[in-house]
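Next up: just one chain, as structure tokens, the form predicted alone.
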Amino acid sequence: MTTTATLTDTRTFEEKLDLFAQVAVNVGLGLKPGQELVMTAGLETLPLARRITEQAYKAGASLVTTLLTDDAMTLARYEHASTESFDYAAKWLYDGMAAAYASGAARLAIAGGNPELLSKQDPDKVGRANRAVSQAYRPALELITRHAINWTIVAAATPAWAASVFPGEAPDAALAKLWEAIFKASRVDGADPVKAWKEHDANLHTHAARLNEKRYSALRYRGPGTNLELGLADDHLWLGGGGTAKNGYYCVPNIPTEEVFSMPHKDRADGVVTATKPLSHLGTMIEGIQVRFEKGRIVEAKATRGQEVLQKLIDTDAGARHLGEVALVPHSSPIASSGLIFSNTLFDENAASHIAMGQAYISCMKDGDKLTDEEQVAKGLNQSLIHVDWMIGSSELDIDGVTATGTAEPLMRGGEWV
């Protein structure tokens, strides 16, 4: 059978990488002339980081500052540093990042780390290091969760990540396949990526608007290993796609994104929920997660792999045992349809409906930024040092929207919008 060559086939890798950088800067960040950019990236993601830097300056950035990490240096700490040192984080660095955001800098992160990097390390050290970083990063995180600045996260293929997604493939082939999967999921493989993103963004806003019209008081989940009633915060808002930050700049925080999301009430979750995909968190893999909620709090948590890491995670602080986000994603999303397990939350959370333990996004509460902390909490906002998404959606998951009068209406069936 004869087939017509696609546009993707005619573009070189370098051309697609450059288009991806343009999408990251102009669609994801919405970077404005004169604005600073703070970017974090791993050493192995440098090809994309360099292209993004170039596109940022073309867009008028006044300064691009990139903070690099290295897997070998990270492992050196776990192998040689004293146990006590894992309670320490570079607060001066995170204070500097918070100061940059407060002064108007945009934030871009390039994901793509080895999902198994710390899997063989002491879970106690991993947990202590995570807690120390979470505490030090809190001032910067608050500016992000309040949507005070324009920010986005994109991904770059790396050899270790590619080997995890395509086990058994030759390294070069695995890396090439992962890049193609990233380009496709990020809508870089079409004739006009920017136009494609505008259309997709509008579609996500339509779903969010319908949910905001319904004003459900709760969501009811039914599926294999899942029987959960999840109350929504008072004056919650559903969001999807991009939004205008408090600085007036429009951005799409995740590239790719397929979700509409809102704020659960921190004290209104009851029942059992089971993960449908593994969670890669800070270089460790957690699989087979199942938790039981009572009055919004995780009272029992199990995992078939990474149990100690999961326990350390939910013990970070009081808010870590409560939910800060609920997101709906159709099972037919392009990422789910790829059939790949990315072992990367940026992708896997956009392949399945999910929930997040920890800090809520204040932008998901009507006029939330005008309320005091006490008023926010009274309406159901959860506060925590962490925000960790994990996936619960599948082709077997049914979700009902529950009205204020207690009537249940079909919202998703078999993982798809009704």
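Start at 1 with the first residue shown and count on from there. These numbers were taken from a predicted model, which means no experiment stands behind them.
Although it is not shown, the form predicted in complex with a further copy of the same chain is what the next lines describe.
Just one listed stretch, out of 303-311, 224-232, 201-209, 86-94, contacts a further copy of the same chain in the predicted complex at the 4.5 Å heavy atom level, and that stretch is 86-94. Here is the short version: of Arg138, Arg215, Lys184, Arg77, the single residue with a heavy atom within 4.5 Å of a further copy of the same chain in the predicted complex is Arg77. The listed set Ala61, Leu371, Ile362, Leu385 contains one residue whose heavy atoms approach a further copy of the same chain in the predicted complex to within 4.5 Å, identified as Ala61. Interface membership of Leu46, defined by any non-hydrogen atom within 4.5 Å of a further copy of the same chain in the predicted complex, is confirmed. Interface membership of Gln376, defined by any non-hydrogen atom within 4.5 Å of a further copy of the same chain in the predicted complex, is ruled out.
Proximity of Asp389 to a further copy of the same chain in the predicted complex: non-hydrogen atoms within 4.5 Å are absent; the residue sits far from the partner. a further copy of the same chain is not shown here, and in the predicted complex it never comes within 4.5 Å of any heavy atom of Lys366.
Shown here without a further copy of the same chain, the chain has Ala49, Arg50, Thr53, Glu54, Tyr57, Lys58, Ala61, Ser62, Leu63, Thr65, Thr66, Leu67, Leu68, Asp70, Ala72, Met73 in 47-75 lying with a heavy atom within 4.5 Å of that partner in the predicted complex.
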